[in-house]
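Only one chain comes next, encoded as C-alpha cells, the form predicted on its own.
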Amino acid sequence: MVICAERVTKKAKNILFIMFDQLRWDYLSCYGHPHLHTPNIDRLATMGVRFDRAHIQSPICGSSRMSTYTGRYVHSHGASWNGIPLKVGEVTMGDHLRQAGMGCWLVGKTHMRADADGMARLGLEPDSLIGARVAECGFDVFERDDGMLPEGPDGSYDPDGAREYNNYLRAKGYESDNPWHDFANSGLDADGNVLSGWFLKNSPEPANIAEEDSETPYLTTRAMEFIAGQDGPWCCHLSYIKPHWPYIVPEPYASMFGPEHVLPVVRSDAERQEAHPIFKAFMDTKVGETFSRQDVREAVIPAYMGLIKQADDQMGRLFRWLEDTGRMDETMIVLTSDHGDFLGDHWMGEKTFFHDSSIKVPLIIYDPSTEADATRGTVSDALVESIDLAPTFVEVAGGTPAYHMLEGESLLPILHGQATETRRGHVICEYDFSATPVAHLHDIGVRDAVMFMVADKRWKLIHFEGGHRPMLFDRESDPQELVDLGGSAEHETVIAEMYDKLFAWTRRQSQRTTRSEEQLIEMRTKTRRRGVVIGVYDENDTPLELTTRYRGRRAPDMKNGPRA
C-alpha cells in the first residue's frame, strides 16, 4: 500500500525587508545589466516575483523612505526633504505591524529626523519606549546607522552617523577620530596619505580597509545577529548604506570592473540645448556638470559596480545562513532601493529628478508561502509604488491594512497569482527642492520649488509650480526619455488627460486618518439612533423606536420658574 505524504503548507512567519541606498534598477543582471553579474539577487528573483515597474514616491533619501515607512505619499506625511522631520502622530509600518502582533526592528539606515518640537509639545521623552519609537520612525532599533559622518567648517552633517560602526572599527584597530572616513571610505597612497573618497578622482582606489570590515559585510553580520536572537514573528528592516556615495570599495571589488564595463551614457545634445528651464537648472548643478564628464563616469561607475557586486555577495552569505538555520522557508524577503542614481545620464548626477534612472527601483519579493508557488520566477508588469510594501507586510502579519491611513495596496494578490495588476492606473512621485541650492541659485520661492510626476505605462508628465510648462515623455516610443513633448501642440490632449489624473490624485481624501471607511459608513445613521432629530415636523413622521425617549413624558409647569 502506498501512503501519500501530506503536503506541507508553508506560510511566511517573518519579514526580512532589505533596502539598498541609491541602487539603480538596471544595475542588476536580472534586470539586464550585461557586465554586472548578481547571481544571488538573481536567484532570489527566481524564487519570487520581480517587479519591472516599481516606483518610489520622491527622488531623495529621506522623503522616499518616509513614504515607504508610512505607506503614504509625501503630500500626506509632509517630510518632503532630508532633515524635515516626520511629524508626531504619523502612523508607521512599525505601528501597524505591532498592532498585528509582529515586532518591527531596524538594522541600518532610515534618514529619519525626529520631530523634537512635536515630542516636547506632547511631553514625549526620547528615552521612553513610545518616545523612542516616535523618534525612530516607528522602529525598535537593534542598530541605527545612517552611514555618513562627513565633517565641515560648521561641524558634522550627522554627529551620530556611523557611531556604532566607528566604535567597531576602533575596536578592530582602525585608529582615527573618524575611521568611517579614513579607512572605510578612503584610499591610501604609498606615503600613507589618506585619499578621501569624497573626491571622485579617488574612486578607483581600493578602500583602505579589510573587505570583511567594510560597511556592507558589517551590516549583514548585524542583521544575522539580530535574527538569531528572535523567536518571531518579526520584521527586520535591513537597510544598507551602499552603493550610495562616497563611491569607493575595498578589494577585491575595486579591481573587478574598469572603463570597458561602463555602459554608454543616456543623453543627447538636443536634450541639453532644448532643456526645460527647471530641468536645466538641475543639469547645471556642480554634480550635474561633473557627471557629464566621461572621465568622471569611468572613475566612478566601476567603483559603483564593485559596491553592488559586494552587496550581491553579501546577499549570498545572508541567504545561505537563512537556509542553513531553517529560516528561509518561513521568511518573506523583500529587496528594493530608496531611489536610483543618474550617473551622468541626462547630463545629471545624483537622483533629484523624475527620469527612470532615478525614480524606478528594483523590487523583488520572495514569499515562502504555498500560495506563492504559482508565481515563482515570474516578472510583474504591474504599476507598483513603494507605499505598497506597508499594507503587504500588514497582511503577512495577519492584520487588515488600515486603508484610511495606508495609501498603497497589498501586493499579496499578485504574489499569490490572484491578480496581475494593481488597482491603480498611474503612479505618483513628488519633489520639494525648496531647501536646495537649485532654489537658492535661481531665486525660486519656497512655494514654487515643488514639482510632481504622474506616469502610466505609456506617458510620464512632470508638473512644475511657478507657471512653467510641463514636461512629457512617451515611455513606449522613447523609453530612454530623451524627447520632451511638454511643449508640443500635438500632445495637448495627452497632457490634459495626464493632468486630469494628477488632479484626481490631489483631490483624494488623505488626511482623514482617524476614522476608517467602515466607521464612516456606520456614522451615517448613528446619530439618528442616539437622539438627534433634525427636520422632523411631526413625531409620526419618523420611526417610533428613534423617538421613544421624547414621547409620553410629563413635567410640571415651570414657565414662571421654580415655586418657593
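As the structure is a computational prediction, the values presented were derived from the model and not from experiment. The numbering used is simple: start at 1 and walk along the sequence shown.
Below, we turn to the form predicted together with another copy of the chain, even though it does not appear here.
Legend entry - Triplet T375, W459 and P479 all within 4.5 Å of another copy of the chain in the predicted bound form via a heavy atom: So, no: the whole triplet misses another copy of the chain.
Legend entry - Proximity to another copy of the chain in the predicted bound form (heavy atom, within 4.5 Å), stretch among 37-45, 62-70, 519-527, 23-31: Selected stretch: 519-527.
Legend entry - Partner proximity in the predicted bound form: E539 to another copy of the chain, non-hydrogen atom cutoff 4.5 Å: Yes, E539 lies within 4.5 Å of another copy of the chain in the predicted bound form.
Inset, instruction - State yes or no: in the predicted bound form, is some non-hydrogen atom of H440 no more than 4.5 angstroms from a non-hydrogen atom of another copy of the chain? - result: Yes, contact at 4.5 Å.
Legend entry - is_contact(K109, another copy of the chain) in the predicted bound form, heavy atom dist at most 4.5 Å: Close contact is absent here: in the predicted bound form, K109 is far from another copy of the chain, nothing within 4.5 Å, heavy atoms only.
Legend entry - 4.5 Å heavy atom contact, M405 to another copy of the chain in the predicted bound form: Contact check for M405: yes, within 4.5 Å of another copy of the chain in the predicted bound form.
Inset, instruction - Find the only residue in V266, I444, L472, A382 having a heavy atom within 4.5 Å of another copy of the chain in the predicted bound form. - result: By the 4.5 Å heavy-atom cutoff, the listed residue in contact is I444.
Inset, instruction - Check each of G103, P413, G486, G78 and return the one that places a heavy atom within 4.5 angstroms of another copy of the chain in the predicted bound form. - result: Spelling it out, the residue with a heavy atom inside the cut-off is G78.
Legend entry - Contacts with another copy of the chain in the predicted bound form, stretch 131-165 (heavy atom within 4.5 Å): Going through 131-165 in order - heavy atoms within 4.5 Å of another copy of the chain in the predicted bound form - the hits are V134, M148, P150, E151, G152, P153, D154, G155, S156, Y157.
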